[in-house]
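Here are two versions of the same chain, shown separately as structure tokens and labelled structure 1 and structure 2.
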Structure 1
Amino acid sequence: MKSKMMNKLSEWLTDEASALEREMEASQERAADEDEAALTPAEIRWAQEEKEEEERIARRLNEWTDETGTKISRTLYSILCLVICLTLIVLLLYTVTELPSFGSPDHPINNEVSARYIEKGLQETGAVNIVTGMILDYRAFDTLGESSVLFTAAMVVLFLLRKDKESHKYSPLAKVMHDNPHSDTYYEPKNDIILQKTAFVLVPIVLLTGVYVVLNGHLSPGGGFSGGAIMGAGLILYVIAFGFAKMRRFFTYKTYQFVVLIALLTYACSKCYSFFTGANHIPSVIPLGTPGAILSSGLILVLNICVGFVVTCTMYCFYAVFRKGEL
């Protein structure tokens, strides 16, 4: 009994609602009919013409801004650039005339800081090369930051350019790779005999030069960064001559990650040790050695080798990622 009543109630309610909707629709239609009826055909035509005129004006304005506007803004931009450049060059050249003479010893930059580095650097760091002693001992934290910047840049480049399963759909280079999986690269010569014979002779020499520059960083001009760049050039020459398949036998993405992370960790840990001992006035157990010997200057040799590894791997990583999209 109760359910029957509920049914009837709901039916009545929905009926009411739909009746209301019907009423509203009908009234709207009536209103629209009345509007159209009120306008004479001439008025309608006039309204349409007005509309078309407006559209034409808007279109012409758009075209004008598209063509003339961009032309004007481009010219303005060029003129503004030239003005800024000329102002900059005049201002900076005026500043140069105010600078102390080139090569004069009484330049204010030659103050007690550089005097301290030159007079005490050898005793305090053990490095004959004062610049190396400065960047890897006094300012070693800064150099750790530099190596991390290189590592971060390599990671971001890898993140931007790395080839994946979908990439051949949107990148032409990856499509070439995808369509010809056996071609090392599409554009470069493969198995070039002159290149291979030259690389066979040159790669060991280049790598040995790099090792020499890294290991002599505290004795002669050079160090981790320059030596690492030379060794990276050696690896790049090897991969150009012999291809990625041979390179992957000893250098893959995992090798890269492992070597760079171990190098950065070694750097950070050894510097933590010297910061800890230095801040607490504990004598360091690492001997500075005789100046001028290969095994001297304490931690600087280790740090140079770490930086050299990071730079070598990063240079090769840049090349491989830009050329092929993977290591």
Structure 2
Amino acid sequence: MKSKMMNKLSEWLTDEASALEREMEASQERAADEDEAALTPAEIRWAQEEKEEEERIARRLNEWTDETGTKISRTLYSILCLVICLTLIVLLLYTVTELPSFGSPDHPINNEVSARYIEKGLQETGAVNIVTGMILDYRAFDTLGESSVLFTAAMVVLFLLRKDKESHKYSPLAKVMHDNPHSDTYYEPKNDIILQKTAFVLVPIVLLTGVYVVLNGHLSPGGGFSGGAIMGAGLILYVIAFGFAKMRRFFTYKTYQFVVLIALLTYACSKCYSFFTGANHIPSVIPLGTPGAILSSGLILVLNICVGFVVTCTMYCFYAVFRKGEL
């Protein structure tokens, strides 16, 4: 009984609120009609003219913004760019004029650091190539960062351009490739007998040259970066001549992941060992070997191989993803 009374009371309050709201709306409409009826024809005409004048001013302002405003902004942008460029040129030229002359004994590079590299580099690193000893021993942590940057760049390119079933939903570039199935990037190279026979001879030579440059980086000019670039060029030449189908017989996306991961982990672990022993003044158990021998310079040879693998895989990854949208 009590619940029925509460329901009736609730319905009554709802009806009263609705009736009050309708009455307020009706009174507002009547007031507006009375105000409009109270205006004289001259006042109505004046209000219309005022409204038309406001619309005309707004239209002229938009036209000025579209035409004159755009020209002014472009002019200011050009002037600002010119001023910034000239300022930078003047500052750089002034800096160059203030630099010490080439070969001057007062040059900042002639300090105890460079002297240590030259005088004790062979003794401390075992590398005949002083540049390699500096990059992969004294500054090996910096080189690890450079290799990581290459790997990160390859991953970003894969994220943006890799073509799979869902990639066109997330990447505009992948969507363009997905929506153009007749693009040249979707076709394998034509069977050019001259190109294939030439590549058949050149690819092994190029790869062997890259391996030589990597393995001799601590003995002669070269190393992981330059040797890896040569081997990457060899892989690109192979895929241009024979196509991605044959390349995937021995180099796939899983191969890329495995090789780069092992190379970076090996590099990091090797240098962590060197940092730990060096910071705690513990003699390293890895011998430097005989300077000039292929198996010498301690961990530098291993680091060169790791860097060479990373650079090789990154170069081919860039080409394959830009060319085909996948590895």
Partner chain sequence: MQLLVNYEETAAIILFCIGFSTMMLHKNLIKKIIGMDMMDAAIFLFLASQGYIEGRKAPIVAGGVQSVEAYINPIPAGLVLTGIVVSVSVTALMLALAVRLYYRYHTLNLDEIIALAGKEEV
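By rigid core we mean the largest C-alpha set that fits within 1.5 Å across both forms. Residue positions are counted from 1 along structure 1's sequence. Bear in mind that the values here come from a model prediction, so they are computed numbers and not experimental data.
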| query | finding |
| --- | --- |
| Number of the structure representing the form predicted alone | 2 |
| Between structures 1 and 2, rigid part identical for residue 147 and residue 255 | yes |
| Relative rigid-part rotation, degrees, compared between structures 1 and 2 | 6 |
| Following rigid core superposition, Cα shift of residue 99 between structures 1 and 2 in Å | 2.9 |
